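We begin with a single chain expressed as structure tokens, specifically the form predicted alone.
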């Protein structure tokens, strides 16, 4: 998979630009605030229909503009494709694939990308929601069914929580219809997560061994705070029973305490829990291994590598990890990188340099 060109209209600080991208490494460089990350953001919006930086669409529009446009021309399995997205300050997005209008849900999985930001280095130490979001988006890019079920589950979960609030203080709450559906969807989601995690674990350990010279074994464990310790709940009848058992607690807290929305991931280097006892170096190596395994996972599912988007992460890695990362992607994966320092790329053949400055771009 590769992106051939990108057009932006009134997006962030870009009035109108047209960028031709080479098939290997593209380096976007310039000072902080020049708009390098805005270009990566626009590509990511072309992937899933929304930003990784903001939930407010109007943030992506140029100041005083009422609409904005993103056009991504790419090849998937040697077939030319085009995603055209219009963003409006008021009103819903207009998303088109090859000039046919589609929903945001239908866009997922069309253009596969993996994005790596400085915030991702906090993935292990951060909140469980960030780790769930990572896993959900990785699976969603390769399974439209999973993404659809995830949306359905979250919608039903919100409805159940609303009922808990509406019937606060009352004994009889009509939740059985919601519990049956939630249990069924929870079972599907957890099974798919465990199935995907089994593949990711093989890949992440391989990547970690490459980065550490085979010194450490890295695994990801799946964790649930409900049910019996060490026993992962994945059957729909077990989810249904737990929803009933935990109803008194849910009524008190006015929220649902059982389900995949409560689950978490744990990273282990051999027997060491990296969140609790891992050094900063171990944690960063684990996250880098995770991102590289994400590339391999998507390739194994869809048949080709996704496009890699690196947002100023090289400055956060030491020289050994930078070298290992660049060696892995060079001549293998189309990669768009933002940086303020182009020193690391000077000796790499086939690199395209694009200078970003005050809403303009210049090649070379």
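Positions refer to the first chain, counted from 1. Just so it is clear, the model here is predicted, and its values are computed rather than measured.
Although it is not shown, the form predicted together with a small molecule is what the next lines describe.
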(request) Could you check which residue among 317, 62, 329, 302 gets a heavy atom within 4.5 Å of the small molecule in the predicted complex? (result) 62
(message) Just to confirm, with a 4.5 Å cut-off on non-hydrogen atoms, which of 32, 54, 66, 323 contacts the small molecule in the predicted complex?
(response) 32
(message) Partner absent here, but in the predicted complex, which of 32-40, 294-302, 329-337, 66-74 has residues with a heavy atom within 4.5 Å of the small molecule?
(response) 32-40
(message) Given that the small molecule is not shown alongside this chain, does residue 355 nevertheless sit within 4.5 Å of it in the predicted complex, heavy atom to heavy atom?
(response) no
(message) Just checking whether residue 13 would be counted as a contact of the small molecule in the predicted complex - the rule being heavy atoms within 4.5 angstroms.
(response) yes
